[in-house]
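Consider the single chain below, provided in structure tokens and representing the form predicted alone.
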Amino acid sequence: MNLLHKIQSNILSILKSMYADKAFAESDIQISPNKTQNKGDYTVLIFPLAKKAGKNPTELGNEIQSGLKNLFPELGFEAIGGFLNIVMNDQFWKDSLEALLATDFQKMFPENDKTVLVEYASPNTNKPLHLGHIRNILLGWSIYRLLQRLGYNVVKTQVVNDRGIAICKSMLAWQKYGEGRTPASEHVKGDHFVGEYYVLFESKFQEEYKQFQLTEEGKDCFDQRKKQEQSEKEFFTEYKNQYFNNQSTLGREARAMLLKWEEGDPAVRSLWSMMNGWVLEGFEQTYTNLGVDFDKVYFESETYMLGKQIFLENIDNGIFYKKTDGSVWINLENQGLYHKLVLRSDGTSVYITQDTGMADIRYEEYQYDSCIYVVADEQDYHFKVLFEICKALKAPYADGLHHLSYGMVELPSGRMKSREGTVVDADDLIAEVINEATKNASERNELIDLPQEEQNEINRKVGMAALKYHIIKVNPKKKMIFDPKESVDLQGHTGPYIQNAFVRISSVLRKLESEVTTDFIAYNPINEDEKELLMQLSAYKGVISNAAESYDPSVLANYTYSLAKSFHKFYHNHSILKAESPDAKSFRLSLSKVVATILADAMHILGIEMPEKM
């Protein structure tokens, strides 16, 4: 039991002796780093204890202070208002450092027998991965690593949306305008190649639509807009969709291709398989560059019929109902939602149908305790409905479903649009940040003596840290305005700034690794910068728990920045190589080693690699 825990236990004993009828528990007593202006390293918040005891906070603080002074005469206690501040002695800090040096941070949490599925990425095979996918992927990967650290058995999954009208648009455009070109013949990555045809389809459709607007029928339709209470944007969006479905030649051909796909037409299926293969190969390259992978990949083409039988079997028991046109619905008004269509009148499924079936199939496969869907907040309502349907079905996994809803990523110029080709492409962004890191390294000339291959690898790590950290440091629920220029800034609140702290320590340890010992018994007094670092290092386990349990990797990301910032300040204010005594040198080397270990471990959880030089 460390000293803080002993203080916590003794405060509990004091409270129980004075207020036996109030049922105080150890969890009521929170000891945290002191953030007040008053003297003290740690503080105990007295207000909640006083409320439970029915006592004035100042009086209760003085009572606890008196008891602790008798028990721990070597420490300093000061009760001020609703706070009890504690001044630790030098031995406490030395003991803390020894404990940290002996800690295996990868085994801080015991293993448990619970299984968690994390679903992330889940792209469409009609276009390459873009900036929005990067945020999704990095969140999913970080959550996987955080939960894995907490001892869970974590299964990484994705559902690839490889069917539907959007996929047929790319296929049709290639069939009409591709002239037999392939990614290999054009020396273009497969997903980029197919994505170009998706944009081309939209361009050709726009041309067709403009021509229609000039016809008498088109003019009549637009004249009708004046009689409707719709904004111009709403009208044009709605009518363009109507035109695509009812009059467009390209729309008719795309829908015909989709029907042929559903009927299993050999030629359409062959084209579909070839183009999807190009895209999936491209996706794998991007995943590799991002340093992520999956344990199980599901394809919508194989799962879109799932769930249909579940709904049909539960009509008679009143969970679902049929309308006169044969469509199947569920009434969720009592849950604060609306009536939701789950099967169309022709018996075909909607997204909620297959998602319900997917939850069921995956439970049969993995017997999971919880499943986390990493999906943008545009789908908040969809997941509320899905979870309520699973509860209505009394599914054994219903209470373990969680939607990690995150804000969309936008550009300074506004929202990205795939059909118009205005997205920030994931591969281009990766190349851009690595190129920026390479330029910065070249200007500093610090890597010039290294072999080119080693320089390239360091620049890759620095560039990827800039990209990943820039995204992960933002709370998932917040919308991001992503400025590419800001993202590659290698100074300030950035991944490379944190990497630089690690590199500084690595440089020192390469010279003095043999002098890292626990032989610092005579070192005193411990200075304020060293205390600050030790308090932050001791909080690491709690930070991981908090980040994992709140599904918020930004908690850990911002912790690493705070720790790196504290180290840079310590490094500036206090010499390590020329410390004032051998004990001081040994203490600071050991402290620096733990900082480097935790920085590397935390960044590893976030999917960020640490270079030895930069």
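Don't overthink the numbering: it's just position in the shown sequence, from 1. This structure is a prediction, so every number in the text was calculated from the model and none was measured. Basically, rigid core = biggest C-alpha set you can superpose within 1.5 Å across the two forms.
What comes next is about the form predicted together with the RNA, which is not displayed.
Asks: Might Gln37 be said to contact the RNA in the model of the complex, defining contact as any heavy atom within 4.5 Å?
Replies: Close contact exists here: in the model of the complex, Gln37 approaches the RNA to within 4.5 Å, heavy atoms only.
Asks: Is Lys219 close enough to touch the RNA in the model of the complex, meaning at least one heavy atom pair within 4.5 Å?
Replies: The answer is no: Lys219 has no heavy atom within 4.5 Å of the RNA.
Asks: Using 4.5 Å between non-hydrogen atoms, is Pro496 touching the RNA in the model of the complex?
Replies: Result yes; Pro496 sits at the interface with the RNA in the model of the complex.
Asks: Quick check on Lys69: any heavy atom within 4.5 Å of the RNA in the model of the complex?
Replies: Looking in the model of the complex, residue contacts with the RNA do not include Lys69, since no heavy atom lies within 4.5 Å.
Asks: Specify the contacting stretch among 372-380, 269-277, 199-207, 424-432, defined as having any heavy atom within 4.5 Å of the RNA in the model of the complex.
Replies: Correct option: 372-380.
Asks: Does every residue of Lys477, Lys511 and Ser575 put a non-hydrogen atom within 4.5 angstroms of the RNA in the model of the complex?
Replies: All of them do, each having a heavy atom within 4.5 Å of the partner.
Asks: Only one of His402, Arg460, Lys189, Lys384 has a non-hydrogen atom within 4.5 angstroms of the RNA in the model of the complex; which is it?
Replies: For this set of options, the contacting one is Lys384.
Asks: Which one of Asn331, Thr103, Asn500, Asn289 is close to the RNA in the model of the complex, taking close to mean a heavy atom within 4.5 Å?
Replies: Of Asn331, Thr103, Asn500, Asn289, the residue with a heavy atom within 4.5 Å of the RNA in the model of the complex is Asn500.
Asks: Counting only non-hydrogen atoms and a 4.5 Å cut-off, give the residues of 141-164 close to the RNA in the model of the complex.
Replies: The stretch touches the partner through Asn161 alone.
Asks: Using a rigid core alignment, state whether the CA of Asn56 is displaced by 2 Å or more between this form and the one not shown.
Replies: Yes; that C-alpha moves by at least 2 Å between this form and the one not shown.
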